[in-house]
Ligand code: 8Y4
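Given next, in structure tokens, is a single chain: the form predicted on its own.
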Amino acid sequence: MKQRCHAIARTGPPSAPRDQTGAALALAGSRHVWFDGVNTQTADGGWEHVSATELPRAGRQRLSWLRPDICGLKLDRPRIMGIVNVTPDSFWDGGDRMALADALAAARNMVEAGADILDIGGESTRPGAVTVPDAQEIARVVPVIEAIRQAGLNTPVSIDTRKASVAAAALDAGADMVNDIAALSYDSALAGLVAERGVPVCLMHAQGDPATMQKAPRYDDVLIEVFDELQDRITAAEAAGIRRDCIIADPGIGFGKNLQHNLTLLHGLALYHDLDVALLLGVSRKRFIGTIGKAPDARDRLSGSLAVAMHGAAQGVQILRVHDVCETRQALNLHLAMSKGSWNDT
């Protein structure tokens, strides 16, 4: 059994200097999150606590090195991915941006508010959603990406799709990366396309597909099972020719997980740095926030979404996928300033 290493993430000035002994190490190269202790999994499946200095050098390196740039963005601080859904049925903004002018205006507003990446999607993946034909999905997303580029917006664009034909059309139109909720398991041609184009790809964990995923999801140990399945998908991606420095992992909050599964994953989020790739977290306005925050309507879940996003930032997540860019940018700037005890806008 592979020994998994779960860094204990801490924010703020470290209690010991960050030096070559590893007494306090930056978590995944972060400027504001560090660790000096690690829970390691033992042969019997239990966990024991060790200091960072007791880890083998490979383990310290895996947990502490700065992840490679994604689309030219340095990942020493959290980056914000703004969601632009061009769908009639997404749970939050379905139908709001079906008109090209509305989608472009949303993208422009997000960039002005501080989005580092725009994520364009033409197929809803909410619980119960049905598959959209490739041609229809292409017709929804390609004009938006072309309009973004024609408007002179140079912000990196991600295409949120499971399908190789959609990804190819989006990349041809000016997209820079692929965000696949199926982790390259839905369309066998997508891995080869990503490898050929040499673009980043986000591999998300999901149990089941959108139509059925919330029908009694079950795990024996959700934290470990999601970790292992993501590790398997990373291995498969590399076997298909995708470079490791192009891979991002997403634990898939709300995708085939119930309330307790989501909370367990969020509580143990720092474990996923042991996958040795950048991490993306997408929690914006999801149902579990409404359940805990007593907000059945997604319109009332902004404050809860910000709370969970800042928890992700405190666990060293590199990319936060959100609907509310302006509010998340403000919260993140304050979180970083308080964590470091100082502020500079760089």
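Residues carry their position along the shown sequence, with the first being 1. This structure is a prediction, so every number in the text was calculated from the model and none was measured.
Omitted here: the form predicted in complex with the named molecule. The next part is about that form.
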Evaluate residue 280 for contact with the named molecule in the predicted bound form, applying a 4.5 angstroms cut-off between non-hydrogen atoms, and reply yes or no.
yes
Is there a non-hydrogen atom of residue 250 within 4.5 angstroms of a non-hydrogen atom of the named molecule in the predicted bound form?
yes
Taking the shortest heavy atom distance, is residue 66 within 4.5 Å of the named molecule in the predicted bound form?
no
Should residue 323 be classed as touching the named molecule in the predicted bound form when contacts are defined as heavy atoms within 4.5 Å?
yes
Using a 4.5 Å heavy atom cut-off, are 116, 270 and 315 all in contact with the named molecule in the predicted bound form?
no
Answer range among 174-182, 70-78, 143-151, 262-270 for contact with the named molecule, defined in the predicted bound form as heavy atoms within 4.5 Å:
174-182
If you check 202, 166, 86, 194 against the named molecule in the predicted bound form, which one has a heavy atom within 4.5 Å?
202
Note which of 292, 307, 298, 26 lies within 4.5 Å of the named molecule in the predicted bound form, where distance is taken over heavy atoms; exactly one does.
298
Does anything in 145-172 come within 4.5 Å of the named molecule in the predicted bound form by heavy atoms, and if so which residues, in order?
160
